[in-house]
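So this first bit is one chain, no partners, the form predicted alone, shown in structure tokens.
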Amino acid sequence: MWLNASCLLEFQIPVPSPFLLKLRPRSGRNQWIAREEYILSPSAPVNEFTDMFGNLCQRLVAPAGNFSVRTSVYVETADSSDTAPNAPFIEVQQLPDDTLPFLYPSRYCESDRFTEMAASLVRGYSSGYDQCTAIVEYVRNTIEYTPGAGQQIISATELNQLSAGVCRDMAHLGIACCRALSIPSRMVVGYLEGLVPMDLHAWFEVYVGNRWYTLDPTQADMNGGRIAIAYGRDAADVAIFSQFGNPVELLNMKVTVEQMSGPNY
């Protein structure tokens, strides 16, 4: 399917402020970027680089006053995410080198604290994908999904105590449990067609059966086109914007995702 996704960020900035943005999706195995727009108002010089996870990052200094970032992208993607019951666990010594950073505990995914819990959740399940789906079911059934309520990032350990969180927090818990089983797990932020309420969305991917598979504790099924914008170990790596120095005010954020017949060249 073809999707047109857009994101608008509007800020009030007291003094010129450095920003790091991650708002440009890349073409890959699961998505093809046909066209995109990226508009800064007022315009500012931008330096783009690729971070250690392959994300396209934009550095700039936003001028004082009203400042906006508007992005739009036309993407060809699948109308649902692949599933793979019985996809096998890959032993650590057989894993590709680029999956290894997603085995370690990270700031918001303290996998070293979930060894016993993860083992109990997957008892009786085949090693690999089936264990991951058991963890997703646990997160979905025990954590209340409260979209729009999470301004402060919380870790997997904190969420397990609070029992309510946003998509980002639920992904943290799923990732931590999967990593506790030595299954590489990474966080993804992007767009999801049909998400209610519409916003940028977070989910996670696991590496089993020699490839990455999408998992999402907030959704009852894997239907809907997805556009991945950024990948990382946890929310600290996939923030769509990071601002440094004197605090700025985010006045408005608007996200849209529409199914299209194809890009209008």
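Numbers follow the displayed sequence, beginning with 1. A quick note: this is a predicted structure, and the numbers were derived from the prediction, not measured.
Form predicted in complex with a further copy of the same chain: not shown, discussed below.
Proximity to a further copy of the same chain in the model of the complex, defined as a heavy atom within 4.5 Å, holds among N210, N66, S27, N223 only for S27.
Among I240, L40, A228, M198, the residue placing a heavy atom within 4.5 Å of a further copy of the same chain in the model of the complex is L40.
Remark: L95 counts among the residues lining a further copy of the same chain in the model of the complex, judged by a heavy atom distance of 4.5 Å or less. The shortest heavy atom separation between P88 and a further copy of the same chain in the model of the complex exceeds 4.5 Å.
Using a 4.5 angstroms threshold between heavy atoms, E193 stays clear of a further copy of the same chain in the model of the complex. Not displayed here, a further copy of the same chain is approached by L100 to within 4.5 Å at the level of heavy atoms in the model of the complex.
The candidate stretches are 123-131, 184-192, 169-177, 151-159, and the one lying within 4.5 Å of a further copy of the same chain in the model of the complex by heavy atoms is 151-159. Here the marked residues C7, E10 and Y138 all miss a further copy of the same chain in the model of the complex; none has a heavy atom within 4.5 angstroms. For the stretch 225-244, the set of residues having any non-hydrogen atom within 4.5 angstroms of a further copy of the same chain in the model of the complex comprises R233, A236, D237, S242, F244, in sequence order.
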